[in-house]
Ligand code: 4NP
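Below sits a lone chain in structure tokens, taken as the form predicted alone.
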């Protein structure tokens, strides 16, 4: 695991249109602000939304905070991602399990972690999926992701 220099981070949720695009956008902003030579991307374990932009409420909550994620496009997490990234963050336990399933037998899950554990170690909390609610559900998700991205920056920069 890199603590200095370049690090490649992947944010993963189910459809790659709500939680992980917010996490990618926030982390990209923090990488730039801190002058880090890190790369960040996002993906989903399901293929429902491949090629689509982030959910309109994800875009709206980010834009309200000065972050434009409208150019992101949903893609599916693949086994190849294990080779492309140093750290893979699952937004929820079901996502973690699906990453493990996609990796297949013998996959080294050492670089995969539950995202919120970086903020609240060993809590195994999930980032709530705002997809099932209304617009009000996106701000608390944004704030939790923001705090967790700050913890990641502090830990690894």
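Because the structure is a prediction, the values reported are computed rather than measured. Residue numbers count along the first chain shown, from 1.
Note that the form predicted in complex with 4-nitrophenyl phosphate (4NP) isn't included here; everything after this is about it.
task: Answer with one of 118, 41, 129, 98: the residue that has a non-hydrogen atom within 4.5 Å of 4-nitrophenyl phosphate (4NP) in the model of the complex.
output: Selected residue: 129.
- prompt: Out of the stretches listed (64-72, 41-49, 24-32, 108-116), which one is close to 4-nitrophenyl phosphate (4NP) in the model of the complex, meaning heavy atoms within 4.5 Å?
  reply: Contact-bearing stretch, as computed: 41-49.
Contact of residue 144 with 4-nitrophenyl phosphate (4NP) in the model of the complex (heavy atom, 4.5 Å): No, residue 144 sits far enough from 4-nitrophenyl phosphate (4NP) in the model of the complex that none of its heavy atoms falls within 4.5 Å.
task: May I ask you to state whether residue 18 is within 4.5 Å of 4-nitrophenyl phosphate (4NP) in the model of the complex, using heavy atom distances?
output: Residue-level check for residue 18: yes, a contact with 4-nitrophenyl phosphate (4NP).
- prompt: Should residue 13 be counted as a contact of 4-nitrophenyl phosphate (4NP) in the model of the complex, where contact means heavy atoms within 4.5 Å?
  reply: Yes, residue 13 is a contact residue.
- request: Select from 76-109 the residues with a non-hydrogen atom within 4.5 Å of 4-nitrophenyl phosphate (4NP) in the model of the complex and write them out in sequence order.
  value: Residues within 4.5 Å: none.
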